[in-house]
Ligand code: FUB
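The data below hold one chain only, encoded as structure tokens and taken in the form predicted alone.
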């Protein structure tokens, strides 16, 4: 999409939702937060968000103005309860291989250790995925000396299956650099697809038992239409852009993601953690602001969607996280959520 069209689309979205009332309030207001990865550990909700800052960097299509430098972990005992900020859990200055831009993280737990997964540009300005460990869900976390071998791009999301296997889903086009990778090989000159080309696919890999490495080379995740065909880049209201998430419901695997320039959280359903996944619909309609990024978690018998918008600041790179209930309908579909009313 041309820059002028992006600006026009953003303006129209802002006008459309600016007159409406949000269905949910920001969970915290003392810092800017985005990209919330929520998990239930020890009967409590822990949220692993990005920490937005205003670094004074001009906005660019590559996302240079998203200049996050650390992570704050939040927790809550109840959906409508008090939210606790546990302070800085990991700082970019404490990551040995760090370059810049500490983007959307996720977390997992296994055998007494908590694992924080994060995308970060290395010293060559290439996004890789790192991992840090702690004995507490709130940190502090200690980063490994190198990124995960074979990792690249952004938005790691780790899913624990019912058999105890762990899988990482990841990737993001445009500023997330996924278009630069082909068969796990890097090309600095890799371009975004044209409208008539097959869309860039998200990636996934099973994690080793130590949770620090991939068990296998990253694989494509196929997202198909109802006729079993993949999407083209021109199908940008359905194709993958960034922000992968997986949850399991009644034996089915739900792969949800952001469509990016059309500002939707969409979802597809499959019978296997590797896919393929068949597109089913929209989880979340557009929020105010350009980006949209989410997580889905079950807590005390109900399902919830964590997401963000820019209610507090009105600025694309200074966001605030929110939560609302998510409903699976009797046929297994997800009821579409409108973030404003």
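Numbering follows the first chain given and starts at 1. Model, not experiment: these values are computed from the prediction.
Below, we turn to the form predicted together with this ligand, even though it does not appear here.
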Problem - Single option in 296, 68, 45, 283 placed near this ligand in the predicted bound form, where near means a heavy atom within 4.5 Å - result: 68
Exercise for the section: Could you spot which one of 141, 245, 117, 103 gets a heavy atom to within 4.5 Å of this ligand in the predicted bound form? Expected result: 103
Completion exercise
Within 4.5 Å of this ligand in the predicted bound form by heavy atoms, the stretch out of 267-275, 209-217, 153-161, 81-89 is 153-161
Practice task
Using heavy atoms and a 4.5 Å cut-off, decide whether 35, 50 and 291 all contact this ligand in the predicted bound form.
Solution key: yes
Practice task
Quick one: name the residues from 117-150 with any non-hydrogen atom within 4.5 angstroms of this ligand in the predicted bound form.
Solution key: none
